[in-house]
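Okay, here we've got a single chain as structure tokens, the form predicted alone, with questions on binding and movement later.
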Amino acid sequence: MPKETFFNLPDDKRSLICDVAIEEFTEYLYDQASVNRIVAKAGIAKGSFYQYFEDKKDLYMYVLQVIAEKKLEYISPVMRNPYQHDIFTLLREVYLSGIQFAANHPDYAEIGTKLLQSKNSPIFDQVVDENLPAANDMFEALLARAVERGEIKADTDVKLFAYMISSMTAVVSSYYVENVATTYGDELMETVDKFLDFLKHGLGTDSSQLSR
């Protein structure tokens, strides 16, 4: 996390540093991104940068946190009334809201794409490790509710499949970027639907249906 000195900066200066960082991580993979370019574009001394952040990774993780908070604004309305949807429709709506977010914020989406392209870098493993527990908790809650409602098999190992869905989400995204397209379009929803069909036939009861 940024140091207290960063949060003590005037709002406009904090926003400028964040905007410049987003621009840098949009244009370059994490390993290729440069603190020198960031401080030059932001008009701050390199020594000042290290008064605000421990290092480039600290700044990068902060940018990802900012993006995650903004993305949550898109997903929250879907999650607010989960009983309106069965588990598979709800998962699809979550993905759709994520795609809408990417379409409306192409710079954020590009940072996500570049992260997926860096999956052989230690930063990818760290981001996944830090975000997986929260994703596991969300999917575990959704699956437990689906069991109660008879939408998925009663003997479903909720913890196991929550972990699998969390992990598979990154796998599906990686597959899409590597084999379909590097931008988020209609093809992404087609890829997601294949993934959801797989889940439905593996977990769903005969009465569960995936809305399209």
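Start at 1 with the first residue shown and count on from there. In this text, all values refer to a predicted model and were calculated from it rather than measured experimentally.
This protein has a second form, the form predicted in complex with the DNA, left out of what is shown; the following refers to that one.
- Taking a 4.5 Å heavy atom cutoff to the DNA in the predicted bound form, the contact residue among 174, 34, 26, 65 is 34.
- For the DNA in the predicted bound form, the listed stretch (65-73, 145-153, 165-173, 38-46) containing residues with heavy atoms inside 4.5 Å is 38-46.
- The candidate site formed by 9, 13 and 55 is fully in contact with the DNA in the predicted bound form, as each residue has a non-hydrogen atom within 4.5 angstroms of it.
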